[in-house]
Ligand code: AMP
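Just one chain is shown here, as structure tokens, and it is the form predicted on its own.
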Amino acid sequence: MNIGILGGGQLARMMAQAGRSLGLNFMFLCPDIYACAAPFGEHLCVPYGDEDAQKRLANWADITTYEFENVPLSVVDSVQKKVSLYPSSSVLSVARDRLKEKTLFRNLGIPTANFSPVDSLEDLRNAMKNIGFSAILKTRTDGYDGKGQALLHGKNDLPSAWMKVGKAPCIVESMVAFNRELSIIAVRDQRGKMVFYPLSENHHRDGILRLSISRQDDPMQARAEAKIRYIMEDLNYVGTMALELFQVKDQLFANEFAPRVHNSGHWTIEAAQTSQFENHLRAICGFPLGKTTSVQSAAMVNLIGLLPSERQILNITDATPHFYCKAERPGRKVGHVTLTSKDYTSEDFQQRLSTLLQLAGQPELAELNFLNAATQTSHN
């Protein structure tokens, strides 16, 4: 079976790697000449809007998908008219617009931070009367890894924040004093069957995910599953989805959802019976979904900006490096490392994770104790 992917970054790369065992072939439509997925299929290196390339992709592929939300919606609409595409264009139109996304959560009865649309500096000033400080201003579209955001601590911040986000349509949200940042990853097939992965506990800095820890048998698991089920069923979703959540005492607040495989689920490659990447392909192709259970615990450490030496990583027991073959530069995800352990309470696991975090340039996280759920309070 032939799979067309809009995008050619590391998520497309890992999908293609997972698809080899399923006998799948891949074609990537991506304007980046250095697309790191290219070695795993045919690379159409042209702008997304190239109509000839879209037709070629659609004529070749049996099924199409996308690896991230910032593919132009018009392109996704165009491809979907020519060949089956999952998740659908209608899903992407919600996921890529923070206002539509937050409105969906509210309509489904899922708690969120207080929010308000903002289309001008005057709108922002008026909105803050109800939202209050501190708050965060986010562009409605095209924001990821902390981009398109500005913190608001007082009235004097408003003009500069509005300039920082480019005077684009925005949403302003109240800050959430959370106990933990969590994400739930689920997969839904074309017949509506769903499977869920254990919760991930996530740690960010500067808006970029640095660390995810698999939390098996977490007390919030059932509540998180219920929330992502509501969303997937409402959208008639097909494929892998991640829902990012804030835990506030015994409540879960929805932050955002990703209509794709997700950074916080990279640990599933080594630690789950079926990875999020393989299950995404199984769902969109109509294959039976694989089991999501894990016989061991895991943590995933992102490599941001610079790559440690592979030898240093492999010196850490049960550490598996994934390098994306991307040029190193500040703030860029250039790889990740999965650390596994059969004994979640092991002090040895904590020590190995601390060593890995130091190696990845995350000394502040290396000093924390991750054997139990963290109680850090901040805002993504």
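Keep in mind the model is a prediction, meaning the values are calculated, not measured. Note that residue numbering follows the sequence shown and begins at 1.
Omitted from view is the form predicted together with this ligand, to which the following refers.
A.B. asks: Counting any non-hydrogen atom inside 4.5 Å, which residue from R188, R260, K227, R98 sits next to this ligand in the model of the complex?
C.D. replies: Only one option qualifies, and that one is R98.
A.B. asks: Answer with one of F277, Y237, F178, F105: the residue that has a non-hydrogen atom within 4.5 Å of this ligand in the model of the complex.
C.D. replies: Partner contact (heavy atom, 4.5 Å) among the options: F178.
A.B. asks: Quick one: is I136 in contact with this ligand in the model of the complex, heavy atoms, 4.5 Å cut-off?
C.D. replies: Close contact exists here: in the model of the complex, I136 approaches this ligand to within 4.5 Å, heavy atoms only.
A.B. asks: Answer for Q296 alone: is it within 4.5 Å of this ligand in the model of the complex, judged on heavy atom distances?
C.D. replies: Because no heavy atom of Q296 falls inside 4.5 Å of this ligand in the model of the complex, the answer is no.
A.B. asks: Just checking whether A161 would be counted as a contact of this ligand in the model of the complex - the rule being heavy atoms within 4.5 angstroms.
C.D. replies: A161: no, not in contact with this ligand in the model of the complex.
A.B. asks: With a cut-off of 4.5 Å between heavy atoms, is R215 one of the residues that contacts this ligand in the model of the complex?
C.D. replies: So R215 does not count as contacting this ligand.
A.B. asks: For the interface check, one of 217-225, 202-210, 70-78, 189-197 should have non-hydrogen atoms within 4.5 Å of this ligand in the model of the complex; which one?
C.D. replies: Only one stretch qualifies here: 202-210.
A.B. asks: Note that this ligand is not shown here; using its position in the model of the complex, name the residues of 260-287 with a heavy atom within 4.5 Å of it, in sequence order.
C.D. replies: Heavy-atom contacts within 4.5 Å come from no residue here.
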